[in-house]
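What follows is a single chain, given as structure tokens, in the form predicted on its own.
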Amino acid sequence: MPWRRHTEEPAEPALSRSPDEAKARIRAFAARSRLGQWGLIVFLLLSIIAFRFGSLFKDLPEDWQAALGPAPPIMLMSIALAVYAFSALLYILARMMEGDRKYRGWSHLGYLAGFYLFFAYADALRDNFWAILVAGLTILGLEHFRLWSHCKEAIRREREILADLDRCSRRLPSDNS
């Protein structure tokens, strides 16, 4: 998976690093800051698919529907969605305050896909589609903002280190003089 290589946090800045290392870290943070965008794009594609094929389970043969059993009550699924969205937002805000640097949007995508499936199975996706879409955009948007703001700050620090390294190299006498 192409996003895996950017999920690891680069090591903390060191004063003894070379300008090439600082530039590589800036590129790594810039690539990492785009993870949230990919999560939002995947969620939008998932939402388009869910909107298009929302009544997929109605076309299943009756013996398959009997094997799957009855759908959960729609009221309970709506309560579960509200509880999930509220707790996910609190969790993201708590991680933002702690300075957590890992992207956790992929697990939210799995939960939101599960809500699409459960509502589609209950044949209630058309009525609840916008609730899932708004919850997902809010959760993944906040997750993207959290990671983007962390990476932007890290890039700013790396650029300061790069500028300091550049000033130090200008002050040193060259070997040719």
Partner chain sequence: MLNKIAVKAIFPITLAVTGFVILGSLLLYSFNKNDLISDTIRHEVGLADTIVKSTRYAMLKFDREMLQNTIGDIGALDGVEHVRIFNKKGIVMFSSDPGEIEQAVDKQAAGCNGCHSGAEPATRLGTMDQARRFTNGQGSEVLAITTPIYNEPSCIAAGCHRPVDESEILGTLDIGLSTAQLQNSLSQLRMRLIVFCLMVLFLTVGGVCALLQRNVLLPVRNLATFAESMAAGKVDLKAPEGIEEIDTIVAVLRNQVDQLQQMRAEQENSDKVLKN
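On a predicted model such as this, the values are computed, not experimentally measured, just so you know. Residue numbers count along the first chain shown, from 1.
The protein also exists as the form predicted in complex with its partner chain; that form is not presented, and the subsequent description refers to it.
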Exercise: Gly141 in contact with its partner chain in the model of the complex, heavy atom 4.5 Å: yes
4.5 angstroms heavy atom contact with its partner chain in the model of the complex for Ala71: no
Heavy atom of Arg52 within 4.5 Å of its partner chain in the model of the complex: no
Heavy atom of Asn128 within 4.5 Å of its partner chain in the model of the complex: yes
Among 44 to 52, 144 to 152, 63 to 71, 31 to 39, the region lying within 4.5 Å of its partner chain in the model of the complex by heavy atom distance: 144 to 152
